[in-house]
Structure formats: C-alpha cells, structure tokens
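Here we start with a single chain on its own, the form predicted on its own, put down as structure tokens.
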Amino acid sequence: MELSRATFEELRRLIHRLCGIVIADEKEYLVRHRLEPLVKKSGCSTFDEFQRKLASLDGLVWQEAIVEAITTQETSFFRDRHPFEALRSRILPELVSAAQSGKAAGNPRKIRTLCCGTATGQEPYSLAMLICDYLATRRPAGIEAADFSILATDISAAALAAAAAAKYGRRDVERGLTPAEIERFFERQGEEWTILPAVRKLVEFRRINLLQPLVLLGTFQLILCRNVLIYFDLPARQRICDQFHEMLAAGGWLVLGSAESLFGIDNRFVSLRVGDTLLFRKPG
C-alpha cells in the first residue's frame, strides 16, 4: 500500500505528539509496515483515507491503536546481564543497608524502583528475581521481600496486559534465563511458563506516558529506563531526565541502556562505572 510523503509527514508528527517517539526521515518503511494492518482494519483502502479518518469523531480510537502498533516491544529476561550484576554487587547492598538503617532509626520505608518502558514485563520480573535471590543468599537482617516494590510502566496497554499475565513461551524463557532460574522462578503449564507468585507480587504494572507529569508517582531509590530514551528527541529526553532527578531520593540510582548516556542532557547526576555498566547517581 502506497504511503505518500505528505501523509508520512503527517503521521510521524502525530506519533511524536501522542507518545514522543521520533520517526526518522528514512523510516517511512517502518510506518508503512506497522500501520498498514490498521489502515485495512479501519475499513480504509489508502493511507490518505486513514489520515482523514484520524481527524473524525472516532479518530481517538485509531490514535490509540497507532501508539500500540508503533511502539517497540523488544525485551528479554536479564537483558545484557551486566547491569543486573551491577545491581547485585553495588546497588542492592547499598539500598538494603539504607533500609536497615531506616528501620533501626524508626523510619522504615520501602525500597521503591521505577522501571520504565517495561514492554511485556521481562525486565521488572528479572529485577524481582534478582531481589528474591539476593534475599535468599545474603539474608540481610530485618529485610524481606515485602520491603521492596517495583512500579513497571509502559505506554502500551496490550504489552502491559501480557506482562501482568506473567505467562511466557519457550522462546521467551530460554532467552536470557538459565535452566536453574527457570526451575526456581517459573511453573510450567503446558507450553507456557508462569512466573511464581513470590516474584509477581513485587511488581505493579501501570500504563504511563513518559511525556506526562511523573512526579506524582512519588519518590524512588532506583529508576531503570533502559533503551527507552533513544526513541525521543533531545527536548523530550531532557524533560524526562528532569523528572527522574526530582523523583529520585538523594543518593538514588538511574540505570540507562548500554547505548545511552546523559551527555548533553543532564549534568546533575554523578556517573560511575561498575564492571561493564555505566551508572548514574543523584548526589546526596
């Protein structure tokens, strides 16, 4: 189905307005491939006709469908591994120690993590597994799973529904997980593997657009926003990082993707390398 340059320009402006994602000039094929099924489903025979429908009374429904179709849902359990090693060796011990001190001082608080762009849930569940394993092996005095909470967000309602179901196929569980991890944290049900309740109860899923105000979500000790900022333009990345800085507790941690940094975006964080992972920390 042909996509005219003018209609491509209109669609990519709409996508940017709806969810902040920047579609590059050379990505016309991506828009055509992702949205052509929607054009047909809407009863339209051309992209131009679909563009006109978007301006009609039922256009909002199709705008939501565009966001679902255009967002990338690439993820896996323990993706890249080394950031999770940094979490295990550096970040978790410090967060746990601070929580122990807070309890001893009569000021107990949950260790809160915000996980952005969660897609179908593999990343927050990986973190929850890491926490469960850390507690089982280190047995920190006075700290238990109930002291942790993970808020996992995404803009895609369909992806979040799949994440909340916590059911994965063979390809998903074999991608990034060891046989021991599969045996420990999953229950097999036919051709699906379901994450056990002890892991699932640490994670809450919520639909959130990162371009909207986030500070009402509260304060976090850890924010994971891996392989997300690369899809936004510079002003959007700056607004998002401004909010992350405000939401993080003093001494809180920000973890980005391997190809991402705060260079030219925010100089208020302190950067430090742990193994192969570059971490960012709010001073304090």
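Worth saying up front: this structure is predicted, and the values here are computed from it rather than measured. Sequential numbering from 1, following the sequence displayed.
The protein also exists as the form predicted in complex with a small molecule; that form is not presented, and the subsequent description refers to it.
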property: Which of 230-238, 58-66, 22-30, 215-223 lines the interface with the small molecule in the predicted complex (heavy atom within 4.5 Å); result: 230-238
property: Partner-contacting position among I143, A166, I208, V199 - heavy atom within 4.5 Å of the small molecule in the predicted complex; result: I208
property: Candidate from I155, V96, M129, I195 lying within 4.5 Å of the small molecule in the predicted complex - any heavy atom; result: I155
property: Non-hydrogen atom within 4.5 angstroms of the small molecule in the predicted complex for each of L92, L135 and T137; result: no
property: Touches the small molecule in the predicted complex: C116 (any heavy atom, 4.5 Å); result: yes
property: Heavy atom of Q100 within 4.5 Å of the small molecule in the predicted complex; result: no
property: is_contact(E74, the small molecule) in the predicted complex, heavy atom dist at most 4.5 Å; result: yes
property: Exercise: R79 in contact with the small molecule in the predicted complex, heavy atom 4.5 Å; result: yes
